[in-house]
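What follows is one chain in structure tokens, specifically the form predicted on its own.
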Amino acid sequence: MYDREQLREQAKKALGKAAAIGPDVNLDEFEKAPVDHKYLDDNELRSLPEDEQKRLIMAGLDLTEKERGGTYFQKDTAVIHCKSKQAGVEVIPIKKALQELDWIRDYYWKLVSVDTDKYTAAAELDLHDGYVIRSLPGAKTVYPIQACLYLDKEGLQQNVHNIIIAEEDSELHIITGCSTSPHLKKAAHVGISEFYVKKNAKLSFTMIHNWAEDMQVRPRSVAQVEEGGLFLNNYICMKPVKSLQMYPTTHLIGNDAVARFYSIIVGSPGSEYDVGGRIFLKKPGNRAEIVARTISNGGKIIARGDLIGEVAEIKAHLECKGLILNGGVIHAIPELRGYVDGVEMSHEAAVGKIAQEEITYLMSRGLTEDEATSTIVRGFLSVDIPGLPAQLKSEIDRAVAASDETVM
């Protein structure tokens, strides 16, 4: 049953409710009023100022759109470019979908509770926009769909709600980049995402964050995977941010459903990250994996992982490894919960430093100390993600390579 007024009443009750984990953010410090921006055609998109283009490229946005199956681009509160180039894939602003499509009501606020905390409440009460990306039954994406959530106005709180649906037997690949303009210093981003992976569907979702140093970021996301479905969730953040807190959750509700989370995080001085993932394995044949690579370059990183085995004949593994290069804190919190006989669950966690003998060996092969350290860091951050299309793998490799200077 869909009742927007009832949702808003629920949200109002949660306005003062802080998140269960992570540092609190005073949302009263930020503006919520809509900001108008001109809609851009293809040529105008490719003609953005060079400094803005660099920021967008670092967040994975291909302005030529040559190797993208569709684009959603939101600047502040306004949708400035939105289209699908591939048959069988829909890309729609969520406000338009709520106005024109009855079926969207079956998905809106069905996995994430609107009264979870004040951040979910803010996303409903002051919704700016967001995207609906949907692959129709049997459709297979040739190129990934790209989505960009961009902040340009100083002091703005951007509120978005995204719904991603991979219908039965379809294959959908999405790369979403979140970034800020070169001049922006302080703002906030609140993002709700609900993922639906239908029977025998495959969804890969790669998110690259390229925020400003004084950004407050609060994503909230939940996924549901049906029988035989696969959900790959990749997260990359290698640039400074004031505070980032997220804890994406996935429910495997069909036999043989699979979820894999991979994250690469580099913590900069003054930055605080509370991140991780949680997967519920509810049916026989479920498989889950959470893999995190973290580097503290002076920041504070809390890396959480929680795997919950509710039935027999499931397998799950959690791996969290961290390097401390130049001070800072890495706090790994791996959790396994098995509720019945016959679950197979494991984890490994390690926090340490680069071994001096590794640096010495590489220097003996002709590298400088900085080059040796950089090579080791790149190898540490290299995560093999099974089933990831080559184009998305190259985006991740590019983001890792571009982070060298920041890390060092």
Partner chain sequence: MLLIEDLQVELAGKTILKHIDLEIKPGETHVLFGPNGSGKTSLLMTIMGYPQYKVTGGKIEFKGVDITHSPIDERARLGIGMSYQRPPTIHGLKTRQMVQICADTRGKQDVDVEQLARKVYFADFLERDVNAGFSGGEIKRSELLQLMAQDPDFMLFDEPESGVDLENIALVGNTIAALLQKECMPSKNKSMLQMKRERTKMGLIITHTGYILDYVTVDKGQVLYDGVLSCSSNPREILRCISEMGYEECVRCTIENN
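The structure presented is a predicted model; accordingly, all values stated were derived computationally and were not measured. Numbering follows the first chain given and starts at 1.
Absent from the display: the form predicted together with the partner chain. The rest refers to it.
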**Request:** Indicate whether the partner chain has at least one heavy atom within 4.5 Å of a heavy atom of I57 in the model of the complex.
**Result:** no
**Prompt:** Does Q53 reach the partner chain in the model of the complex if we count a contact as any heavy atom within 4.5 Å?
**Reply:** no
**Asked** Looking at the partner-bound form in the model of the complex, is E358 within 4.5 Å of the partner chain by any heavy atom?
**Response** yes
**Request:** With heavy atoms only and a cut-off of 4.5 Å, decide whether G366 touches the partner chain in the model of the complex.
**Result:** yes
**Request:** Would you kindly say which of L362, L45, V343, L27 lies with a heavy atom within 4.5 Å of the partner chain in the model of the complex?
**Result:** L362
**Request:** Look at the stretches 335-343, 375-383, 33-41, 61-69 and give the one with heavy atoms within 4.5 Å of the partner chain in the model of the complex.
**Result:** 375-383
